[in-house]
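One chain comes next, on its own, written out as structure tokens in the form predicted alone.
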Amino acid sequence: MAQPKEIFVRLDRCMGCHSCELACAVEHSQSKSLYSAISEKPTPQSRVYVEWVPPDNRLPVLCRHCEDAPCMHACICGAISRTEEGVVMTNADKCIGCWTCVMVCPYGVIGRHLQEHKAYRCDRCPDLEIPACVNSCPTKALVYRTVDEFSKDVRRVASREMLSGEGG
């Protein structure tokens, strides 16, 4: 079985522009259009959060689709399941808005849609080849690769830095 792709964050590249948040909200809107999404009800919600980390860093945070997902075990109505690709999904039709999943998420990335009274999370944009947040990132701080591909890229960069004397 092929290794599933994950969304990785290159911490050194995020400049905190929030393009990923905007692209995510638009992708999860009814219209898929920025101009129309602004006035939609319910309001489209982003599933990625750009957080400020002192002293002057930004960090995009999103669902890690945990292997042993606490949210999935805690869901009292069976609304949370895992796809064959390993993506943890919330079925909005089954969600009763009890927020138990929100309380147990170790990353704090499960959102609460208050207008619909439903929980939501990153679904890796199943209708797109590359998730909207990754595709919109101007600095390529978000990367959509398999673990092996990403690790290989990181080792390659580290090797180059060591050879050029930049690594320490």
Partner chain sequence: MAGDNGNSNKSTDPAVQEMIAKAESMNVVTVWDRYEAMQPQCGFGDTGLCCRNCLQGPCRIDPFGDGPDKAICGATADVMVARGLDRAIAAGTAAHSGHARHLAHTLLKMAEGKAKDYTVKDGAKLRAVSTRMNIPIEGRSDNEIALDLAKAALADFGEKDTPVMWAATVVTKDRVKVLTDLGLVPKGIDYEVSEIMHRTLYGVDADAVNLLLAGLRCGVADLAGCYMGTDLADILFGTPTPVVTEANLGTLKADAINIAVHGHNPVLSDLMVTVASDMKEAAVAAGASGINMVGICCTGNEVMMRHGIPSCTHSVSQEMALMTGALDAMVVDYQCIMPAVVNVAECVGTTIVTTMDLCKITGATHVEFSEEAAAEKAKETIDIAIQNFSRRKNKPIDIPEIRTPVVAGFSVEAIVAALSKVNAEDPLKPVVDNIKAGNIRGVCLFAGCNNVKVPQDKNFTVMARKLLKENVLTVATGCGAGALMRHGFMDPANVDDLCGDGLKAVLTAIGEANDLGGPLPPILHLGSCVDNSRAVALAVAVADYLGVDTDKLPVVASAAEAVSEKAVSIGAYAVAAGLPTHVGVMLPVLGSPLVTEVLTAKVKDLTGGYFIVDLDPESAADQLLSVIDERRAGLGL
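Numbering follows the first chain given and starts at 1. Note that the structure is predicted; figures quoted are calculated from it, not measured.
Just so it is clear, the following notes concern the form predicted together with its partner chain, a form of the same protein that is not shown.
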- Choose from 66-74, 97-105, 33-41, 121-129 the stretch whose residues reach within 4.5 Å of its partner chain in the model of the complex, heavy atoms counted. 33-41
- So in the model of the complex, does residue 13 come within 4.5 Å of its partner chain, heavy atom to heavy atom? no
- Do residue 145 and its partner chain share at least one heavy atom pair within 4.5 Å in the model of the complex? no
- Message: Considering non-hydrogen atoms and a 4.5 Å limit, does its partner chain approach residue 17 in the model of the complex?
- Response: yes
- Task: State yes or no: in the model of the complex, is some non-hydrogen atom of residue 9 no more than 4.5 angstroms from a non-hydrogen atom of its partner chain?
- Result: no
- Query: For the stretch 81-109, which residues lie within 4.5 Å of its partner chain in the model of the complex by non-hydrogen atom distance?
  - Reply: none
